[in-house]
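One chain follows as structure tokens, the form predicted on its own.
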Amino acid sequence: MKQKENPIITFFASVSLALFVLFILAITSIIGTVIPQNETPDKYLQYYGEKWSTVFHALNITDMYHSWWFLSLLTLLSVNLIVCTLKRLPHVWQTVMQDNLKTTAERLHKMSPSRVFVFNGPAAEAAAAARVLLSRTSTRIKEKSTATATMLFIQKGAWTRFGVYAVHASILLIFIGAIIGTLYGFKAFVMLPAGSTTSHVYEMGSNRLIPLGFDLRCDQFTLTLYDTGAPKEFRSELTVLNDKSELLKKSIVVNDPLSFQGLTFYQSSYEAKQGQLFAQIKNTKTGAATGLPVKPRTEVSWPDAGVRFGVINFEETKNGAASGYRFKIWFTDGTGTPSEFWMDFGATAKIERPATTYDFTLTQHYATGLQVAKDPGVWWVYVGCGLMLAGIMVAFFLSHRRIWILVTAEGDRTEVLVCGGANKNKLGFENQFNALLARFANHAQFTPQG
């Protein structure tokens, strides 16, 4: 009598539950993509109005991937995968580990595909000939003999039955990584002016101040434009410092971030600092260089080089229909008489001093917008994705193939049964099986029956 299944286990192990949860997750993920996440309340009010803004906040759609109901859906899917695996895995394990030489002759005769041959000779010679023909398919032949029969068996890909459970495990690993990232990670933002240093960032959505544990300096920001005036590239020269010691320098652009101590800094945006300029100075003799923000009629210093300078005047220039500015610079490095000169905006001037020469460039002062992410669960996700790809390859493209040969002797008649099966890709197995049958049919002592 078949034992009645527990309805709770049946419910949580059902494929219907998995499909339903996946459908809901797909719908909610689309919503989370369409509706911006972790914006300020004012932006939701501006974009969607008071009514929908209230609904979004009540359902926590503005931070959907951290909401209790979205995490509950992930938990339900995880429970479904675990229960389904625990329910079905023992049977699969038993199938993989079973002794296939104990398969009865009655069961072998019912298998499809199968073929019977008559051997012209004694059973021992038939078994030896069958072993040689079967070895061309696989050399790992298992054998069992009795007084009346000999059974030969080969199999390939028994472990492929576990492919689907590798996919289950990969999904759980991805969920674990996502939960770790949710609990211990964050997404933040900082607007860092060129020449400035910060030791903290601000969490997106809440503006909570998050210490970095080190200092981050923007040495320079460069904006490149198309002929139309549209931004082509914006690049930030960043330096990581600890107690004023430089630990790491990197030039970042969009899709080429800086990573340090589990934090990743992405080039996200920029803004012009109105009324401010940015001076880039390089000592051509020593190679020392720096970038400093400048306000007109304000003295600026580069203490390490003993340099002081300032913009003491500026005027608008016109070249046909185009207009621009030029600036009068006062500059000294503590040697000789200070230099005074005019230069165009964006140009590079060479300042000849008694001991060396300086390259001096004056441009617009920008602040670089950096998006900062910390996700300690990302490696769990990477491992899960790799395991998922491997599991899918195994589950869909590989199969468990088994072939039996049963040699029996009844009086003067020696009968050879060749049969087998595969759990997937039956067409591919039939091609392999038919090649084996052809070798038997081409053998002089084997005669096909039926």
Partner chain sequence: MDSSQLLGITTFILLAASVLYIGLFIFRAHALGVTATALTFIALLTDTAGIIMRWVESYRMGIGHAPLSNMYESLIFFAWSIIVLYLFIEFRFKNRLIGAFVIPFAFLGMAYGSYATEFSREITPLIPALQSNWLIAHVVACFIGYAAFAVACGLGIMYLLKARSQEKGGNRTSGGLLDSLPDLRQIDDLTHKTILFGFLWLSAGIITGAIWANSAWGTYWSWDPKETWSIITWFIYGATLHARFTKGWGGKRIAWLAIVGLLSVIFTYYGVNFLLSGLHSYGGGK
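Whichever C-alpha set is largest while still superposing within 1.5 Å between the two forms counts as the rigid core. Residue numbers count along the first chain shown, from 1. Source: prediction; values computed, not measured.
Note that the form predicted together with its partner chain isn't included here; everything after this is about it.
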| query | finding |
| --- | --- |
| Proximity of A58 to its partner chain in the predicted complex, heavy atoms at 4.5 Å | no |
| Interface membership of G177, its partner chain in the predicted complex, 4.5 Å heavy atom rule | yes |
| Non-hydrogen atom contact H168 with its partner chain in the predicted complex at 4.5 angstroms | yes |
| Close approach of T408 to its partner chain in the predicted complex, 4.5 Å, heavy atom | no |
| Which of 169 to 177, 330 to 338, 347 to 355, 287 to 295 lines the interface with its partner chain in the predicted complex (heavy atom within 4.5 Å) | 169 to 177 |
| In the predicted complex, the one of F234, W302, F314, F214 near its partner chain [non-hydrogen atom within 4.5 angstroms] | F234 |
| Selected contact from P257, G205, G310, G369, since only one has a non-hydrogen atom within 4.5 angstroms of its partner chain in the predicted complex | P257 |
| Contact check for L25, V34 and C385 against its partner chain in the predicted complex, heavy atom at 4.5 Å | yes |
| Stretch 356 to 389: residues contacting its partner chain in the predicted complex, 4.5 Å heavy atom cut-off | Q371, A373, D375, V378, V381, Y382, C385, M388, L389 |
| Core superposition between this form and the one not shown, C-alpha change of S53 at least 2 Å | yes |
| Core-aligned C-alpha movement of P376 between this form and the one not shown, 2 Å or more | no |
| T146 C-alpha relocation of at least 2 Å between this form and the one not shown, rigid core basis | no |
